[in-house]
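We begin with a single chain expressed as structure tokens, specifically the form predicted on its own.
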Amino acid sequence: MNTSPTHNRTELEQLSKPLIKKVAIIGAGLGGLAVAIALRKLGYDVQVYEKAQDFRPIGAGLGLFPNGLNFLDAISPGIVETIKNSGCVVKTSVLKNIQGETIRANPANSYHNYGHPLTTVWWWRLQQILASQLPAENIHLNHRCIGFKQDEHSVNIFFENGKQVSADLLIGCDGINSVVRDTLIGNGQPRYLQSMSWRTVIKYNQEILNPGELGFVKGNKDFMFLLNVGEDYISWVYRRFSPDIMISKNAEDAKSLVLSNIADWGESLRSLVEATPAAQIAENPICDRLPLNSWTRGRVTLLGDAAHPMSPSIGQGANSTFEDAYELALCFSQASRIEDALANYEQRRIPRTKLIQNRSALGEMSYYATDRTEIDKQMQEQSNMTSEEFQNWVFNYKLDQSLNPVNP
């Protein structure tokens, strides 16, 4: 732990006690990297284990909303400016018809009221920005977790490559199909939300979107998001209502399916899909899981999609994960026992993420509803908030203290 004079330490750092020494994080996605950065600032030895063999360019574009950016900025001051420079600060959201014609354009400046503008960025580029905040030797690729065992003193984690590590705390950040969650809770398969997704990022000279625009194309039981993600890259995300999960046999079939579905769309939109190499299109069912009442057993807890997987309909998957990362570090800085830190983490996070999970599931259905009245009614009953009140509640989530670096 840091031994610098008290007057140079933040309140958070003064509260910090050496509850643990070594932390193992499974998953080097956005949540795993963010919580690793946050916990290292408390002086912990944090090691991240990732099943992928390399950090290849994958993923689509995503929207970072004020709440997510506020917490990222608290975890690593200055990182938000790097993200903005690497992505696109959204100035206007545009609604388009299937011919690619703009029906309506709305300024996106209201997000500034909550601290940061809506920013779109490539998932992979954001992963790289976060990874650059950690020493390379603290990220271990080609480590697929296959399980763990724990006692009152430590957790032993086992990997497919035969390696085994021991830690004081294990955090499962390994996504909706989390091995850590399955070992911890064993709660079966994710819930399919009757929505299929195809998505990618490509470098493309296009006239569909102007700089600073985010586009939404509304079809019939289908829709497409168009995101500027910086440096002339564009992300398209196509979703379609499907009562059953339909996975294509290969990448070419997946691309052909999308083109078939949008055969009557305008040339500018079809050309965007046609220009995309089939191998770069990710095809997935949209799934979530029902909210849990607990994410923790002993010295093991969950974070992000491993804890509260949700539909991307309201864009809070990554953003709520960054909240998790900060709050978990904060709880460890304030508690005198591991049990208290993890209990406080759950108390702070579960009620909030339950509401967001449930709202996101209804939001996915609202995309395909012919009459939104019933869904809007369910949304309001679920949280006792109108859509505007809910948005204000999500974006206005406040930090308790600042999280600033501790010199090792």
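Note that residue numbering follows the sequence shown and begins at 1. It should be emphasised that the depicted structure is a prediction, and the values quoted were computed from it without experimental measurement.
If you look for the form predicted together with a small molecule, you will not find it shown, but the lines that follow are about it.
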Q. Of Gln206, Gln150, Ser197, Thr276, which one comes within 4.5 Å of the small molecule in the predicted complex, counting heavy atoms only?
A. Ser197
Q) Which of these residues, Arg144, Lys163, Arg191, His112, gets a heavy atom within 4.5 Å of the small molecule in the predicted complex? A) Arg144
Q.
When the contact criterion is heavy atoms within 4.5 Å, does Arg239 count as touching the small molecule in the predicted complex?
A. yes
(Q) Can you tell me whether Tyr345 touches the small molecule? I mean in the predicted complex, with a 4.5 angstroms heavy atom cut-off. (A) no
Q.
Please tell me whether any heavy atom belonging to Gly363 falls inside 4.5 Å of a heavy atom of the small molecule, as the geometry stands in the predicted complex.
A. no
**Q.** Proximity of Asp288 to the small molecule in the predicted complex, heavy atoms at 4.5 Å
**A.** no
**Q.** Contact segment among 288 to 296, 258 to 266, 173 to 181, 76 to 84, judged by heavy atoms lying within 4.5 Å of the small molecule in the predicted complex
**A.** 173 to 181
Q: Kindly confirm or deny that Leu39, Gly43 and Leu328 each have some heavy atom within 4.5 angstroms of the small molecule in the predicted complex.
A: no
